[in-house]
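Single chain ahead, written as structure tokens, the form predicted on its own.
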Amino acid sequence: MQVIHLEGTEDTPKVMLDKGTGIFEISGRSLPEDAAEFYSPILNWLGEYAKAANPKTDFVVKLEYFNTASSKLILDTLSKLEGIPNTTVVWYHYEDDEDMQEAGQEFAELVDVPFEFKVY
């Protein structure tokens, strides 16, 4: 499978999806001008990955901020993980960032994927 490696910018998160190394991570800030366009390749990649997934998948989310448009696409991304066995979402947040912690908890309630919450 092709690796997706997008360097983060001020408006877009860093994305690393690499089946070979087992690294699946989105980090940084997500407020792209066109969230649907930005997340489309990620959703497509996860759809392909689900057909022949690794035995275990830890999907790491280290977002500092995301806007409303990104929220829907992040939910779509997490929903794609529902069909992948032995997947865990590892949701990082800063200790004093209650908003990001609560956002992770809300996503955890909306998708059928186990979440681990970690502070960094």
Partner chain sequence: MALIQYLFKQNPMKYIYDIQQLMSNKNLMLVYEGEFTQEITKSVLSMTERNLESVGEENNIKRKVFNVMVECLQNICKHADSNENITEDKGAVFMIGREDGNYVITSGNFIGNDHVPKLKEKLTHINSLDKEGLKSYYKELIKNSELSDKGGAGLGFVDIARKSGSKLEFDFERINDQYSFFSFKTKISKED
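Given the structure is predicted, the values throughout are model-derived calculations rather than measurements. Numbering follows the first chain given and starts at 1.
The form predicted together with the partner chain is left out here; the points below concern that form.
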Exercise. Consider P32 of the chain shown here, and say whether it contacts the partner chain in the model of the complex, taking contact as heavy atoms within 4.5 Å.
Key: yes
Quiz item: Is N67 close enough to the partner chain in the model of the complex to count, meaning some heavy atom within 4.5 Å?
Solution: yes
Exercise. Check whether D112 has any heavy atom within 4.5 Å of a heavy atom of the partner chain in the model of the complex, and answer yes or no.
Key: no
Quiz item: Does V60 make contact with the partner chain in the model of the complex, using a 4.5 Å heavy atom cut-off?
Solution: no
Quiz item: Are all three residues L78, E82 and Q101 in contact with the partner chain in the model of the complex, where contact means a non-hydrogen atom within 4.5 Å?
Solution: no
Practice problem: Let me know the one among L46, I26, L73, V89 whose heavy atoms come within 4.5 Å of the partner chain in the model of the complex, would you? | Solution: L73
Exercise. Select from 78 to 101 the residues with a non-hydrogen atom within 4.5 Å of the partner chain in the model of the complex and write them out in sequence order.
Key: Y94, D96, D97, D99
